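Here are two versions of the same chain, shown separately as C-alpha cells and labelled structure 1 and structure 2.
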Structure 1
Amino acid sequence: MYDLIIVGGGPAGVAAGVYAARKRLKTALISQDIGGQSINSGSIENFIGVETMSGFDFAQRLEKQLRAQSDIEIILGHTVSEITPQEGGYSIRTHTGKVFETKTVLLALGSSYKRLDIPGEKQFEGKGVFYCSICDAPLMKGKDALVIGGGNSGLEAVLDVIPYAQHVTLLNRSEVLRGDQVYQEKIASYPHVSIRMNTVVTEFSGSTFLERAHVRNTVTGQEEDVAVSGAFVAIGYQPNTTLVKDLVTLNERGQIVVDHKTMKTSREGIWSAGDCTDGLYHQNNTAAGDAVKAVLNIHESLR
C-alpha cells in the first residue's frame, strides 16, 4: 500500500514526486514518459531558474531531478486505465494489467493542445509548427509568423508573438473573431498584424523546417501558398481527463474542479494539479506550484 500514487509525468507530476519523496511518503509515479507537452517546444525561456532550454532538455532535467530522490518508485511506460475506490484508499490498474494500491492519489494528467490534423503538422511540430506561443514566440524574432485561431487562445498568441515577429498574420476560419473585444482592439493597433477571415490551413510543407502554409478561403475556395517561418496553432486545448470523468467532478470544459487552496478534488483522497484542473492559468511554473501545494496538503492529511 503506497501513501501516494502520482498519475502523470509532466512538471506537476515531477514536482509532486520531488516533494513527496522529501516528505518521506511512500510514493509511486506512473506515467508513459517524463516531460509533458512542453517536450515538443523548441525553446523554453520562462521556466524559473533556467534561462533557456529545449523541451527535450527540460524533460531530461525533470527526470534527472526525480531520479535523484531515493524514496520514490518511478514506473514509466505505463498508462493508467482505471482508478477504483476501495476501503482505505484506491486501486490503480495500468493498461498492462498491473495493479497498485494507495491511500491517496494525485492526478497530474495534463492537457493536450487541439491539433488541426492536417498533412505536415506532425512532421513540423517543434520545427516551425508550435502550440505554446509563450514558450516559442521568441523564435520568431525578425520572421513572418502565422497564428491560427480566432478565439481568445488565438488572440493571446498574436499578442505573444507581436514583440518578436516581423509580421503576424492571424487566420480565422469564420468571418467573425470569437475572442474578447479588448484583445481585438489591442491587435488592431499594431501595423505589422493582418487578419484573414474565412481562411483555413490545409497543409504545412518545407524541408527541415516549416517554409510554407497552404491555405484555403472557405467562401471562395481559392487556395494559395503562404511563405512563413512559424505557425502557432491556437485553437484551444483539451484536458486529459477521460480517465476520471466518472470519478471526480469536472466542469463544462472537462477540467477537474479543485479547491485552489489545497488542490483537493470532489472525492476524498484525490488531489489534482496542473493543466488538467480548472485553474485560471496553465504554465509549467504554475503546474509545479499547484503540485507542491497538493503534496503538502496530502502530507498533512496523512499525518
Structure 2
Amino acid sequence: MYDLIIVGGGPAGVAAGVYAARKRLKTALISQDIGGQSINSGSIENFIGVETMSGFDFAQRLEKQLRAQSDIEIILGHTVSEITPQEGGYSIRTHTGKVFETKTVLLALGSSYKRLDIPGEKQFEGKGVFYCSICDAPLMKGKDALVIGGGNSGLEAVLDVIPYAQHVTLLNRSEVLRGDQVYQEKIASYPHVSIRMNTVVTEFSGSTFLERAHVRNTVTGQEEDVAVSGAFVAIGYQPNTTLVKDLVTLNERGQIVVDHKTMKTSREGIWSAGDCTDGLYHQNNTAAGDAVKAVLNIHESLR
C-alpha cells in the first residue's frame, strides 16, 4: 500500500512528487504525461527562478527533477478511471485495469480549454477553429485571424499569431482586457493588430474550412459577418474534475473545494492542488506552491 498517490503530472503533481519523495513517503505519481497545460506555451517568463523557457523545456525540466528523486514510482501513459474509498484509504484503478492501493490521494487533475459552445465551433475545430495558438499559429501565414478572449491566454495567443498573420483581431467580451499590462503594451506596438471590445462571436461558418465568424457588439447589438481563416479560442479553462464529482465537494464551476491552508478536500484522506481547485489564481507557481502545502500536510497527517 502506498502512503500517497498523486494523480496528475503538471507542476502541481510534480512539485508534490518531489516533496513526497524527500519526505520518504511511499509515493506513486500517475499521469498521461508530464508538463501540464504549459507544455503548449511558447515562452514562460514568470516561473520563479527561470528567466525564460519554452513550455516544452518546462515539461522536460519537471520530468528531470521528478526522475532525480529515488523514492517515487512514476506511472506515465495511464489515466485514472476510478477512485474508490476502502478500509484505511483508497483504491485507484487506471484505464488499463491496473489497481493501486493508497492511504492518501492528491488530486492534481489540472484543467482543459473552455469552449464557446456556439454553432459551428465543433464542426470547424481543427479546420479554422483552434485552441492551441502555439501549435496552430503557423497555419495563419498571410491570413486574417481572430483571437477570442482578453485574458493572459488571449493576449499570449495574439502574440503567437502576430508573426504569421496578415492581420489579427482580438475580440474581448467586456470593455476591459483582463490580461497583464506587459502583454497589452507589447500587442499595442504592432500595427496589424486591432482590438474590438464588447464583442462576442455567435457562430462560425464556412464550407470545408472556416470562412466567417458572426459577431455581435454586446452594447449596440450590432451584428456582422467577419471574413476570417482562423479563430483562436482562448477564453480560459475548465477543471478536469468529472472523475471525482461524486467523491469530493465541487463548487458551481466544477472546481474542487479545498481548505487553502492545508489543501484538504471535503473527503478525509484526499487533498488537491493546482488548476482543478477553487483557488482564485491559477498559475504554475501557485500550483507548485499549493502542492507543496498539501504534501507537507499529508506527511503530518500520516505521522
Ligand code: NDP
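Please read these numbers as outputs of a predicted model, since none were measured by experiment. Basically, rigid core = biggest C-alpha set you can superpose within 1.5 Å across the two forms. Each residue is numbered by where it sits in the sequence of structure 1, with counting from 1.
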{"property": "Matching structure (the form predicted alone), either 1 or 2", "result": "1"}
{"property": "Hinge residue among 56, 261, 65, 112, where one rigid part swings against the other between structures 1 and 2", "result": "112"}
{"property": "Angle of rigid-body motion between structures 1 and 2, smaller part versus larger, in degrees", "result": "56"}
{"property": "Rigid core fit between structures 1 and 2: Cα deviation of residue 149 in angstrom", "result": "3.2"}
